[in-house]
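In the block that follows, a single chain appears as structure tokens, in the form predicted alone.
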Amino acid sequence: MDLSPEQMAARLGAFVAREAGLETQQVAIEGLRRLAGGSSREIWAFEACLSPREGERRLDLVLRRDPPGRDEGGRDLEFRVVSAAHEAGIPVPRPHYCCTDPEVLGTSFYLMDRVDGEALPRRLLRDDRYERTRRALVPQLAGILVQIHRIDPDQPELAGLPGGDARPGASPARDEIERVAEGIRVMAAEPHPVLELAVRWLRERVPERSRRTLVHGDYRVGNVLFDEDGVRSVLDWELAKVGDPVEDLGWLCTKAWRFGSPHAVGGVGSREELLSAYAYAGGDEVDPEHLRFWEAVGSYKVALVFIQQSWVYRTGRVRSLELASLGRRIAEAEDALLELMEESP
């Protein structure tokens, strides 16, 4: 179902009215526009003008949905995770309504408050106006992760999270490695000796034990809104799961998310600073080798992402030069893996 903005606005108005207990004519949708970003999900912004008898009020909202023809589901679970994070005091957009009925907009979606802020990593790392943000970011990101990892993943509202029904003694780390290895085996167009070496290296270093917590799954610079004072909001919870909390720390350190900066943590700080700030905020003491393991898993996963994107091009599903060029970037992830393996005891 490919709807025009006018059709979307009309259907959104009817949906918001129903959810708010109003008549359709009491809700007007204004300024509906698609926002940049959201590579796997569409993001739309608009104002909802609600006019009940007791007075008018306006909501500045964002709609997050699967692209038309690609309803992958999971928006309901993502909505529930964001709701749990909001209840826990984590800086996320306030969630309002969720819809899984494809008759409304064609695919699943949910609505949340719009939060002002910047998300582009290059502006964070280069603009003078964000100098103070760069200094404050690592402690803030570490503190927010501690809050995320304190959310009870077994609460009924989070039923259905990946990893939540893992068998006793299961290893989230080993499961993640094998999932990525299988994807590389199926989609790679040519041999990748570095990745074959890396998976053996990772299998030999799977942590024996790890705490089981809620994991954001894509916690990195680029998925955080910020302003001159620091973090405004944490975005993109679609990969949330139950697993090892150090996975979030390692993903934050993955070289792909430094955007050319020499600093390991999102281009703004050091690993030592991150681990110290995480412990200071009340998190566990983390062994640097445990962090290195998950950082290596991060680069291994990034290699799969580049392989997947180039596979989409090679199979003719999307004829995009951008996707084709990403195949060349597999070497960047391989280089990061070689560095980590060489530096490890």
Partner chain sequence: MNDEPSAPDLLRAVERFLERDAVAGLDGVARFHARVAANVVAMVAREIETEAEHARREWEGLAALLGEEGALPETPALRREALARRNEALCERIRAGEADTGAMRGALLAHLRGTVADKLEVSFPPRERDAGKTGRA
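Numbering follows the first chain given and starts at 1. Please read these numbers as outputs of a predicted model, since none were measured by experiment.
Heads up, the form predicted in complex with the partner chain isn't pictured, but that's what we're talking about next.
- For the chain shown alone, A14 is not a contact residue for the partner chain in the model of the complex, no non-hydrogen atom being within 4.5 angstroms.
- The shortest heavy atom separation between R329 and the partner chain in the model of the complex is within 4.5 Å.
- Under a 4.5 angstroms non-hydrogen atom cutoff, the partner chain in the model of the complex lacks Y97 among its neighbouring residues.
- Remark: D335 counts among the residues lining the partner chain in the model of the complex, judged by a heavy atom distance of 4.5 Å or less.
- Taken together, the three residues L137, E272 and L275 all stay farther than 4.5 Å from the partner chain in the model of the complex, as judged by their closest heavy atom.
- Checking L197, A181, V206, L225 against the partner chain in the model of the complex, a heavy atom within 4.5 Å turns up for just one residue: L197.
- The contact residue chosen from P156, G160, G89, P191 relative to the partner chain in the model of the complex is P191, the criterion being a non-hydrogen atom within 4.5 angstroms.
- The stretch from 215-223, 97-105, 228-236, 118-126 that comes within 4.5 Å of the partner chain in the model of the complex, counting heavy atoms only, is 118-126.
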